[in-house]
Ligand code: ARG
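In structure tokens, the next block holds one chain alone, the form predicted alone.
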Amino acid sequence: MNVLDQLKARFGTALPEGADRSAFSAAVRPATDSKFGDYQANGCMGLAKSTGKKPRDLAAEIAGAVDLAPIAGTPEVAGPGFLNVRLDDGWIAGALGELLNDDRLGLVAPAKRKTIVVDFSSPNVAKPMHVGHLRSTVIGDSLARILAAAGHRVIRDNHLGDWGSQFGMILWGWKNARDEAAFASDPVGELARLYRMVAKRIRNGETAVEEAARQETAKLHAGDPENRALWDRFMPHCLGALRGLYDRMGVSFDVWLGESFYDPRLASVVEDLQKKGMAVESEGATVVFVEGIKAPFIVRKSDGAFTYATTDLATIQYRMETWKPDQMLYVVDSRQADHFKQLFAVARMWGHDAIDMQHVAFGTIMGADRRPFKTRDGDVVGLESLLDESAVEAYKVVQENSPDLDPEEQRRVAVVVGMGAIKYADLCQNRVSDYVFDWQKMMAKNGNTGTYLQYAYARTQSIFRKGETTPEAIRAARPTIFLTHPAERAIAVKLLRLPEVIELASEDLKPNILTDHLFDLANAFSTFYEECPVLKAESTERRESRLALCDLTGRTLKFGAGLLGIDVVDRM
């Protein structure tokens, strides 16, 4: 039940002959201010140019021709040619009555179900994940959930960096500076130490070390028994550490196909590019030139080694053979924009021109100094330590807010609140923007925070506990819903908007569209909670009506939070 889609369809049938229906449809949207109604159709100004009519006259003509019943009455013409739509209260109440026992909360299957690969997180396996991996992980996870909720088939792919130059650095470090005891107690920690040590020496200009590490990578790729054996020894520890962290974050994947998986395909990829006349020799390397882009796309270096670009092409080839997706989304930071522009261009030239490939770019997490978020020592903040700190900060909030909970329950709630705060603080941003990491703001019980969202949900559950009833009992009663108070009506209209919000967030690939809606809903519930007594309502019928609104609000908040990868708690 997508109200916005229904309104667009109704307006589409009432437009003058030859009018651009898609342009007019795009201008039908929720009203920015409720005093102008619930929705607005603002396309008459653009349409007037093509029809030769004055916008206000055209608006009046459309208002007289469109039939919005029973959803709404005749639109009101306002200003220079706006059409204001107010939903019918009786229709809203009936629609909410249907939602009360609808597990999908009004969501319906899309007209065309797509198969979508979401490529996200994708860390280098031999190093602990840090705060730089947070955005790709939570944005990708949320988009996968939103797209699945919209009715699409979603394949979550963790394209691990398990085969690149960092492994050559670790192999050289292992052979020259390993600490066996440290590896026995903390394998990933020791591998990370070796990587940092080698990286520092290379940065300091030790070209011999850099060349030796490069040779170790080449030997690994060539099948050297010793290097392959070490790789096999290291990988289970690396993957185990990653899985533990993902489990803690509530993030899952359908496939974990790292760069190593595609290694057998790389030579044939380059051969095929050459056969098609796309790949040519340039300064000893094999490259593809893309029109309009000066830098060549290198698929094989002068020393014969393949590149990330080759692996990315092999990955596209495999995905097309295996899943035949309609869309591939790469949730990677904005600094990789040039790479993906070239990759997609080459892939299309190669024959994969029917699929929609998109780089879902995002900005950087900044510290209070508005520089990339780091520790006081200047190191990148580790993701695990960040999650630990989130639970500590959230525990303070839970202790203050719910001193009656036993300490064990407080700690459990703190983990949920802390994780929710971190994820929401990231997802509520326009993903292309940088944002400042601020514990105080993200843990606030007021404002656009995960804590506020979770608190609103907990309030809905508190009402049922105090009323000694259950949501299931209210749903079974199928009460008539009354919308005579403005706060009742305001929350009802927002509850009906969930399907259109999910559709828009999935089309624009922006979770903040959903967070904005959930924040608005939580605000509307706060006003409703203050102005509309529920348990002390003036009649049994009114009490049950308001309990139904509380149930729908709680379910919508919980469902929406789940699409953000955020859990809720009944008490906090």
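Numbering starts at 1 and runs along the sequence shown. Everything quoted here is computed from the prediction, not taken from an experiment.
Although not depicted, the form predicted together with this ligand is the subject of the following passage.
For this ligand in the model of the complex, the listed stretch (211-219, 237-245, 137-145, 336-344) containing residues with heavy atoms inside 4.5 Å is 336-344. Taking a 4.5 Å heavy atom cutoff to this ligand in the model of the complex, the contact residue among G250, G161, G363, G94 is G161. When this ligand is considered in the model of the complex, only one residue from N84, Q429, S390, N124 comes within 4.5 Å through any heavy atom, namely N124.
Interface membership of D119, defined by any non-hydrogen atom within 4.5 Å of this ligand in the model of the complex, is confirmed.
With a 4.5 Å cutoff on heavy atoms, Y308 counts as touching this ligand in the model of the complex. Using a 4.5 angstroms threshold between heavy atoms, V332 counts as touching this ligand in the model of the complex. Although the partner is absent here, D312 is a contact residue: one of its heavy atoms lies within 4.5 angstroms of this ligand in the model of the complex.
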